[in-house]
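Below you'll find only one chain, the form predicted on its own, shown as structure tokens.
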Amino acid sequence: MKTILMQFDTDASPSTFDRVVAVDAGADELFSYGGISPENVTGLVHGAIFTRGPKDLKHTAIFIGGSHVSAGEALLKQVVDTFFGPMRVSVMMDSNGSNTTAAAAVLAAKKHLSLDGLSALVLGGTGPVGHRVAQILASQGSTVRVASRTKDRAEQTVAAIRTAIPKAQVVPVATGTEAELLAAASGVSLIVAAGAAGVELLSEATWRTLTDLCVLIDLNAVPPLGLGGVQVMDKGVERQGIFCYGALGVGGTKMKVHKAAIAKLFESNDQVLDTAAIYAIAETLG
């Protein structure tokens, strides 16, 4: 029986990136729909769950994408709420590549550092990827400083992470001034930059003064990069004793995680691949 992946995109046009990865990951058939919201998804879900018998539903799965993570999360909730009893299919949410990119970034850090007890700073921590990097790190026992230009925005993200992980050691920090940035970065072993494209969040001159720093990961591929002195193709390149990763250096792992997660969907019909589940898949890749 052929595997069918139904792509529900919250944007008007379904992502071509997600479509290519779905095909490369082995989906036999790909049905792509754009402009999907909680208000219009129910009929599509019914089409997915009522066309095959319960024993064959593992051959159908749903991928939720789009550029807005909050819209994707709302759509995921509605999809799951539409399922009942054995009438369900596996579903994955990776709007804006947030979950797979975050998982790949944490895997890169794990090559050099023990995550349990780690002190980390996530710059751009209130964005879709930064939020999930911080959440995954916290789930692994790290103490994470979640940074934004203003502390109130960081506090909102910290509250959301604590809702998902009640025991999370997450601290909101502001980085609007140079003094605030230096205070936020002091004493951390890992810095991940996940801010907006084309904005330098930390200069090379500044990070080279941080004596406890071991790993730098920049997830921005658009010049100027988020971390000065880190190159986009860096993949564990050592500079002054600090291991550096650029966006494309992490990107190869992100693609492996994405493909592995799609393949995982077809193993059973009852999986919900969210941030935690996608990171669990990433860990199996080593």
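Because the structure is a prediction, the values reported are computed rather than measured. The first residue of the shown sequence is 1; numbering continues from there.
Not pictured, yet referred to below: the form predicted in complex with another copy of the chain.
*Among 223 to 231, 64 to 72, 236 to 244, 45 to 53, which stretch has residues with heavy atoms no more than 4.5 Å from another copy of the chain in the predicted complex?*
Checking each option against the 4.5 Å cut-off leaves 45 to 53.
*Closest heavy atom of residue 281 to another copy of the chain in the predicted complex, within 4.5 Å or not?*
Although another copy of the chain is absent here, residue 281 would stay clear of it in the predicted complex, with no heavy atoms inside 4.5 Å.
_Against another copy of the chain in the predicted complex, would residue 277 count as a contact residue? Criterion: heavy atoms within 4.5 Å._
Contact with another copy of the chain, no.
*Are any of the heavy atoms in residue 217 no more than 4.5 Å from a heavy atom of another copy of the chain in the predicted complex?*
Although another copy of the chain is absent here, residue 217 would stay clear of it in the predicted complex, with no heavy atoms inside 4.5 Å.
_Partner proximity in the predicted complex: residue 250 to another copy of the chain, non-hydrogen atom cutoff 4.5 Å_ = Answer no; every heavy atom of residue 250 is more than 4.5 Å from another copy of the chain in the predicted complex.
_Within 4.5 Å of another copy of the chain in the predicted complex: residues from 1 to 24 (heavy atom criterion)_ = Those in contact are 1, 2, 4, 6, 13, 14, 15, 16, 17, 19, 20, 21, 23, 24.
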